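A single chain, nothing else alongside it, follows as structure tokens in the form predicted alone.
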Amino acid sequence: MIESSSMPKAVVIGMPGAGKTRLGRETAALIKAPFRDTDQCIEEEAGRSVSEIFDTQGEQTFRDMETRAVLDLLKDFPGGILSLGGGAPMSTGVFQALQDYRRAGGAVVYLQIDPEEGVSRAARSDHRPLLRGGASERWMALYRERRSVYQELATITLKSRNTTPRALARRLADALTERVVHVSGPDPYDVRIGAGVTGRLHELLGDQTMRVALIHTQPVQRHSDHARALLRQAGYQVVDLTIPDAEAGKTIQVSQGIWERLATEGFTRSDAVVGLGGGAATDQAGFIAATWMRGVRYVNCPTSLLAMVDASTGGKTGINLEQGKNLVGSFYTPAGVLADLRTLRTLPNEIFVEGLGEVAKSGFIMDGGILRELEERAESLRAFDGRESDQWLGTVVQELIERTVEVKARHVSVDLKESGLREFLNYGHTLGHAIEKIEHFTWRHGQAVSVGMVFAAELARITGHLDQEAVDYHRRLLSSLGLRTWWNGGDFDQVLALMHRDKKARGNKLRFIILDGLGKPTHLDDPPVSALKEAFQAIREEG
């Protein structure tokens, strides 16, 4: 049994000459962790080189020594980086131990070297006993034998081609600090949250994909340039598709233009879509992926806080009509979501702050820990300007994103198509969507939802579900984060008509999500018009 508190942070595997020792040592230096190499451990214990052990005692003796060394270090090398010899995973005992290590949450890193480069390095090697007598041919034979084992064990795969050892170490260091939220259901996938996770695009798209449609907006050009470079480096043909920013990018006209471009480029069902940007961009990308040839693989790369905690996860895809928001769409899950914290540094304050509206919503409906964190960090969150330290992003913001995504994952995993439990995620959205429509989408989504949550809290108070203290808490917390709690636009009849078009409505009956206490969402069906009017009036003026 491997205890997670005493095991290594990562184990590096791969072919001889791939650079495992250097990768492990440089990564350990970056994250200030101890480093060990099993070949070196064996040599220190035996007082002779690996080649000498092979020559004097035979390969089996070496493998027995290697297995003992690996098993000991997997059980007692807390937080370290461990590099294994190329053949270690082929031993039954090591293979099973690495499987146990994975199940305990350990990271098995496959450093994948291009065969041409591997053969070239093998030809220059004179100290590897298994490569004697035709190093190039022996290396290729071992590669064919071991590759599938490496791939089966790996939780992280790094390709050494066209990159430097230092850059690889930086990518691995980033990967080891990322957090993962698993979204279960009929088509499970992971949401990865951390600095540099965009580098995992190739892992999610796979080797069978030839063409990738990169759908993004102009304001995130810097990030789309980075993603495009990664995709091309991985060997994909990239079709670059820039769409209008925000809700203007979610129209049937924009969709039509993308479909026509994909047809011209010869996109097939084995090709893929990457959506990069805010929530509108990932919504449109998902809709395109769901509808092109009845469904192709897609990956979301959200670049805003709002998109990371809401739009990119859950499998909702859609576009707007003149009559309302998100009226046309489908439920279609991504292959994965890559929430790269580095993209947040380029966000204007108002866009970061609006994302806090969806974070607070998850706290109100389920996770009181989110609310406490928001209370404690309100001042620094409200003042976000992109110059915050890596530690602040990697602790405060990363944890808020992780906890918010976990709330969403728990709801969508059991109710993908929003037939029941998932509707609770729409807390504040019924009025919020109406505000967005009436204001011609000049209001940010998170700001509109913030007002919508105050409206829902007032409605819950009027109908006897919440007390005044809970309503006041809504206003106080949301205001402290820089979010709106009142709105003077539109009139009641106009708002009522739009709320009847809400997706939760049933026939002529309205349905609202309200709270029956903090963390206790419930449905409120067809409340009296008088209650709606009173709640509406309560959000008509500040304070």
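A quick note: this is a predicted structure, and the numbers were derived from the prediction, not measured. So that there is no doubt, residue numbering starts at 1 and follows the sequence shown.
Omitted from view is the form predicted in complex with a small molecule, to which the following refers.
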{"property": "Contact test in the predicted bound form: residue 386 vs the small molecule, heavy atoms, 4.5 Å", "result": "no"}
{"property": "4.5 Å heavy atom contact, residue 160 and the small molecule in the predicted bound form", "result": "no"}
{"property": "Residue 114: touches the small molecule in the predicted bound form, heavy atom cutoff 4.5 angstroms", "result": "no"}
{"property": "Residue contact check: residue 281 to the small molecule in the predicted bound form, 4.5 Å heavy atom", "result": "yes"}
{"property": "Single option in 336, 194, 199, 219 placed near the small molecule in the predicted bound form, where near means a heavy atom within 4.5 Å", "result": "219"}
{"property": "Heavy atom within 4.5 Å of the small molecule in the predicted bound form - residue from 121, 297, 316, 437", "result": "316"}
{"property": "The small molecule in the predicted bound form: contacting segment from 306-314, 186-194, 138-146, 258-266, heavy atom within 4.5 Å", "result": "306-314"}
